[in-house]
Structures are given as structure tokens and as C-alpha cells.
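In C-alpha cells, one chain follows: the form predicted alone.
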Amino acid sequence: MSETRTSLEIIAPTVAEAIQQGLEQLGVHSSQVSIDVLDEGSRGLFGIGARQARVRLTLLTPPPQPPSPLKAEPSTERVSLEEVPPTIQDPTYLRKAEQIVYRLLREMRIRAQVRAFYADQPGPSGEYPIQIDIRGRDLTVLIGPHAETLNALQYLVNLILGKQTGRPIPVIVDVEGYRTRRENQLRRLARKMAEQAIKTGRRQVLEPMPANERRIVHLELRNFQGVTTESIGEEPHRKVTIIPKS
């Protein structure tokens, strides 16, 4: 891939597959691109008149970076403490979100049960996100390596729901409790590495993570006595560093 390429059009049997292929060709995370669905495609009638989906992925312009690639990011990435009044939880949005997911799964020829509900707690923006729970058999294909497929599906659901409702509504898509398991795993890892940092007096650098996973680590160790955290490096290889207090 040319280093100067900033956008890419992909044609595939379904929108989700086109997005996944585009992310792989660009070598980026879904959070680093904007996605335009140029043609949702059609299965046709008995295979006649079928049309593939077409999407355009455009790299987001990165913000100006300091000269050092290892410049620590400000702690504001960890948590937004600003109080934002939560919005009304409209059940109509739940039905729309379920319909969108069912449609995408049908295009991917995947059979599963879908349930939409509002989260118990508001997210960083003050909105109560819609959570989508997908359950069924052999759904690992929906997760993909490093949850890239799951994140692409979630991005697409957010995009379509936002266009249908005319306002941004945060949606979290999960498959068989994967995100919950991953979050618990990250919390345990964070505490273990924090204890190691205190014991050895040395920084502990975690594996590269997307922003949402780094935030989980920052939150878990926010009040952990004896350590501070910061993220270093460039996307998509940014890492959380756990630093023992002197």
C-alpha cells in the first residue's frame, strides 16, 4: 500500500465485509477512518439482480504530533469528568438498533439472537449507550482478530442508526459477552502489572491497545495507590505505561 493513500473504495458481498477488507488493506483500526456506504448492495431475487456492497474508507487527518514519538499523552484521555445531562431513553431507538443488526447479520448469512437494551450507567459523553447483545453458535467470525470485525460492525451500526435518527446515539455491540470478558481480563492485568511496578520500582509497559481498552486500564488504576498511568507511542501501537510513584 502506498504511504500517500488516504482513501479506498471496497466492493464486497456485504457492507461489513467491505469495511473489514478496507481496514485490513489500509492497516488501520476502525477508529482511524471515516466510512461512507456508497451502495448497501442487494441479494436480488433468487440470485437474479444481486449487487455487491460498496464502501469508501477515508483516513482521518491525524492531529499535529510532537517531535518525540514517545511523548506521553495528557491524562485527559483517561476519564472525562464533565457532567453532561443524560438523554431520555427512547425504546424506539432500541427497536431500530435491533433491526439494523438483524439486517447486517442477514446480509452476512449469520443466524443469531439479538437483544438491545440501555446500559445502567451513562458513558463518557453523558449518554446512556444502547447495548446490543448477539448470541448464537459459531459467532467467532463476528469478533475477528483483535476484535477488528466486531469494532467494524459496531461502527457501522452507530453510523446507520445515527443517519436514521438524525442524531448520534452511542451503541455498543457485543458477541457472546466478549467485551465483558475482555474488560475483566484488562482490569485483572492492570492490577497485576501495577503491583509488579510497585514491587520492582520499574515501569511496566502493556501491549498495544485501542483507545477504549486503554481507558479501561486508566480507570482501573486511577485510584490505585503507588502508581500513575500514561499512554505512549503512535496509533495503532499506543501502549499504557504504569509508572511507580517515587
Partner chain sequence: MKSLVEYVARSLVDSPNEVSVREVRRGSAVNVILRVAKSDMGRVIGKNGRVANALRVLLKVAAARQGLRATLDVEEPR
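Residue numbers count along the first chain shown, from 1. Treat the numbers as computed from the prediction; the structure is a model and nothing was measured.
Form predicted in complex with the partner chain: not shown, discussed below.
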property: Which of 172 to 180, 128 to 136, 115 to 123, 97 to 105 lines the interface with the partner chain in the predicted complex (heavy atom within 4.5 Å); result: 97 to 105
property: 4.5 Å heavy atom contact, Y93 to the partner chain in the predicted complex; result: no
property: Contact flag, K163 vs the partner chain in the predicted complex, heavy atom cut 4.5 Å; result: yes
property: R109, heavy atom within 4.5 angstroms of the partner chain in the predicted complex; result: yes
property: Triple contact flag E148, A152 and L156 to the partner chain in the predicted complex, non-hydrogen atom at 4.5 angstroms; result: yes
